[in-house]
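The chain below stands alone and is given as structure tokens, in the form predicted alone.
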Amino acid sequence: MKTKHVWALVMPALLLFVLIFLVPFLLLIVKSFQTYVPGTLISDSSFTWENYTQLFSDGYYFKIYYRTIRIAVISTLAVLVLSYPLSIFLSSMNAKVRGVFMTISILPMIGGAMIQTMGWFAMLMRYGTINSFLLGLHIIKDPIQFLGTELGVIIGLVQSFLPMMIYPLVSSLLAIDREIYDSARTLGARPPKIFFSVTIPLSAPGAMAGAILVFMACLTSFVTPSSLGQGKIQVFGTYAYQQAIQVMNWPFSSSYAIFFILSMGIVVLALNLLARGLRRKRCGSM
């Protein structure tokens, strides 16, 4: 295929990428070096490091970063633990039946985060479905406080992003040769041994890919922490929204976002390198 024909195919997607991602990101960088003028939407365009100086001089912002990362890590680990048995079950199904179940699993995401969050809001209320069920069984004496806590936010995030882990994990499990399991059983390995010695190592690339997707989704989530956190759980998304939309301090919110994006970019790069290493190790062992 001629080069000009290749560029003709690539240009629409490249133009879309530049307009939707690259240009806004560059504008964000420029805005981060401007000065906030209280009472107006127009920032002082003169170059300044003031926003970054403020960011690094106050530990409060790093507490928000730390809380965001902590919630994202816990949510990702919870999703990973819940996804493995479900993914193993799905990978053992007939292809048509598996397709139906995987379609059902992704339906909540199609409905949007707000619908899911409102459903959890009703279930996690002081006398909502979960507390009423536990009280009815006399498991607890007083209602558990879910809303306005990190626990409530984590529950919502885990349910919201579970499909992001299931899809790559199922694909990775389906790629494992069934004869490996037969060989392990022939050698006397029991199911727990097979799971930890065969399934986990060989499905690690898919698990890592899913973990990256879930981790990044949890880091940048806004609707779930905002609704289930009830303004008491301040994370990156809620604080960036507060500074940009409520306070109208676009320069500082830009610097706040830029630092977070660069930090998380380094983390994701490290995870990608780890995933590649696991993938090469798997290919070498097969």
Partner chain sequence: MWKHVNRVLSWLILLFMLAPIIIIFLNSFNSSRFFSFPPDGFTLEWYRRFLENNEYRKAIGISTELAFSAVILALSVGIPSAYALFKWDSSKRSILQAVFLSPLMLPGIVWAIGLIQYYSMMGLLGSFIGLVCAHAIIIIPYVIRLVTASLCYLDEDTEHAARTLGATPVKTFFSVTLPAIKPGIIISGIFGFMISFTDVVIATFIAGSKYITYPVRMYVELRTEGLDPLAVAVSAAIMFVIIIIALLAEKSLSWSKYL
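Rigid core (definition): largest C-alpha set, two forms, superposition within 1.5 Å. Numbering follows the first chain given and starts at 1. Note that this is a predicted model, so its numbers are computed, not measured.
Same protein, other form: the form predicted together with the partner chain, not shown, and the subject of what follows.
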property: Per-stretch contact check against the partner chain in the predicted bound form, the hit in 67 to 75, 138 to 146, 198 to 206, 108 to 116 (non-hydrogen atom, 4.5 angstroms); result: 108 to 116
property: Contact test, all of 173, 211 and 270, partner the partner chain in the predicted bound form, heavy atom 4.5 Å; result: no
property: Residue 82, heavy atom within 4.5 angstroms of the partner chain in the predicted bound form; result: yes
property: Residue 132, heavy atom within 4.5 angstroms of the partner chain in the predicted bound form; result: yes
property: is_contact(residue 186, the partner chain) in the predicted bound form, heavy atom dist at most 4.5 Å; result: no
property: Contact label in the predicted bound form: residue 151 to the partner chain, heavy atom within 4.5 Å; result: no
property: Within 4.5 Å of the partner chain in the predicted bound form: residues from 215 to 254 (heavy atom criterion); result: 216, 220, 222, 223, 226, 227, 230, 231, 236, 237, 240, 241, 244, 245, 250, 253, 254
property: Threshold 2 Å Cα movement between this form and the one not shown for residue 17, core superposed; result: yes
